[in-house]
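Given as structure tokens, the chain that follows is alone and in the form predicted on its own.
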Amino acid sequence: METYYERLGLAPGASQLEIKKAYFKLIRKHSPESDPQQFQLIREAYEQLRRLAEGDTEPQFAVNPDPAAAVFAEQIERYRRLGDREAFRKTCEEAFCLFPEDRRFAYLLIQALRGCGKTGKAVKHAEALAKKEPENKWFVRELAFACDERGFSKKSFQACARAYELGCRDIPFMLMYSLECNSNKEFDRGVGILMELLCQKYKWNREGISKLVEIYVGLMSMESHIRDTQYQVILEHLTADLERYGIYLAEYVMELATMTLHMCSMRRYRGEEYFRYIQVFLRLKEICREDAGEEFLDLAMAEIGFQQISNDDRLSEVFQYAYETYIYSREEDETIRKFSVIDVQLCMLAEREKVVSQADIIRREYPYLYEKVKDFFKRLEEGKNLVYLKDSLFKTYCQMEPYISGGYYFEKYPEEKIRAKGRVLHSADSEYSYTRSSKKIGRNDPCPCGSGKKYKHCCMKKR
């Protein structure tokens, strides 16, 4: 059977530097996109050899004085280092048969059975070992993993809870425990486990960064049970992790972006928290390597800004129109964009006092929108020649409105629409006012084509 060393093209006993060089050389040749199966095999070999070299903490066992036990222990360790699962399992079984009371061989046999997919036998041996030493956290931990791999979710959850009480806190265990909490509807406990894991000061490397992503995704799978204070901590850690591990997290941009968008769409927020969301998306955009990802991030930032301003009860509704027109809209037609801007400006003129009184909030908390409207804000605040400004905008609006559906101004102020009747639209037009043969479709009305979208996002664009 191929060993982990052979899989990387190395001789047994190669140094960590040699292992790392071989790994990066092979993954360039067998990338996740071109050869996902071979990539997984290469990554498994590298992680196993790295884990063994780092000397993961395991239980300490009393030395068996029998010379034969020492020979078996040496053989078992050699096969485990080589990654030869079958030889590892068979040697463990032989050692366990000869020394059934040796806790070390019993423990290693469980790991060997799990590695070969013999989960039923692994559970049986793990239950027996945990029964002999119920206070040994490592034995209870193995029982939890064996039950999980066998599909015994309830048993695994109970074993996880016990191992946690006994002091198990390693990353693989904590991730599994959180999943079992989710499966057994112990959501608050599951969130607490992941928050504890997130707040521990681990130094993540490229190979382990997927575990960090699992923590964030796991939290979002239980987002309805996350408290406001926990949201703040998650945002702080996510921002810091993107700064610290951005180069490693580049391949997980879409997962993190989707997670963040979902997180902020499920709750109301203001001020500093809104800026934190924006900072997260800006950092994701910096490390993103794909055009499609950048487009998604732009849409995500526009989406959370629109949600924020729509839920801000301190602001007039006209600012929702403004955000939709200046930031959120992806309208490509120049005429429609011009009409939308005039529409918003007329609404702002009609609500001048409110708009001016709320300008500081826009300036302070919505700088992206403020940059677009600051010149118009200045004219409103100065209050000079506003009658002439309104008349000029109103004239253009009346000329365009019959041919472009969805204006807010006439919808909010129907008396202005009545006042516009009889106005000559163009010098070349008839002296009579424009009359529709059917009811005008509003831009926010359902599209008559039956697509289920708003008219402005569907057939209005085609028109």
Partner chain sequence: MGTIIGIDLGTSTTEAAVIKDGKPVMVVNPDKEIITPSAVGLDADENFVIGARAKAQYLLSPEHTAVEIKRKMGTDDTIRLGKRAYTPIALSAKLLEYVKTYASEYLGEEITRAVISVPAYFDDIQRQATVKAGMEAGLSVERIINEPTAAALSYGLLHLEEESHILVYDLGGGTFDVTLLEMFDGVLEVKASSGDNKLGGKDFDEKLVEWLNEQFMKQHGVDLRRDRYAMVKLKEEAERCKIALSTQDSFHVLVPMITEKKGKPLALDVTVTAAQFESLVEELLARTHRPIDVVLADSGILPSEIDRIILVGGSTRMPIVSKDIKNYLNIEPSKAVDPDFAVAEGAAIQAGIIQGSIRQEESILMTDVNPYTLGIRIMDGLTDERMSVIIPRNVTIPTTRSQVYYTCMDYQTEAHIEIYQGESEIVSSNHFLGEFIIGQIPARKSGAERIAVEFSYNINGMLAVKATVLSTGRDASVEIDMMQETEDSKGRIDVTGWKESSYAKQFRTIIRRVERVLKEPMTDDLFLRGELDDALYDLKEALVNEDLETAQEAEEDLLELLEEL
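We call the rigid core whatever largest set of C-alpha positions still superposes within 1.5 Å between the two forms. In this text the structure is predicted, and so the values were computed from the model without any measurement. Positions refer to the first chain, counted from 1.
One more form of this protein exists, namely the form predicted in complex with its partner chain; it is left out here, but the text below deals with it.
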Task: residue 85, heavy atom within 4.5 angstroms of its partner chain in the predicted bound form - done: yes
Open item on the list: Considering non-hydrogen atoms and a 4.5 Å limit, does its partner chain approach residue 99 in the predicted bound form?
Closed with: no
Open item on the list: Although the partner isn't part of this model, could you tell me whether residue 412 comes within 4.5 Å of its partner chain in the predicted bound form, counting any heavy atom of the residue?
Closed with: no
Open item on the list: Test of understanding: in the predicted bound form, would residue 225 fall inside 4.5 Å of its partner chain by heavy atoms?
Closed with: no
Task: 21, 27 and 31 each touching its partner chain in the predicted bound form (heavy atom, 4.5 Å) - done: yes
Open item on the list: Tell me which stretch of 412-420, 63-71, 32-40, 396-404 has a heavy atom within 4.5 angstroms of its partner chain in the predicted bound form.
Closed with: 32-40
- [ ] Report the residue, out of 244, 352, 363, 338, that has at least one non-hydrogen atom within 4.5 angstroms of its partner chain in the predicted bound form.
- [x] 244
TODO: Could you spot which one of 326, 248, 296, 152 gets a heavy atom to within 4.5 Å of its partner chain in the predicted bound form?
DONE: 248
Task: residue 66 C-alpha moves between the shown form and the other one by 2 Å or more, core aligned - done: no
Open item on the list: Please check whether, in the predicted bound form, the CA atoms of residue 31 and residue 86 lie closer or farther apart than here, given a change of 3 Å or more.
Closed with: farther
Open item on the list: Given that the shift is 3 Å or more, do the Cα atoms of residue 204 and residue 42 end up closer or farther apart in the predicted bound form than in this form?
Closed with: farther
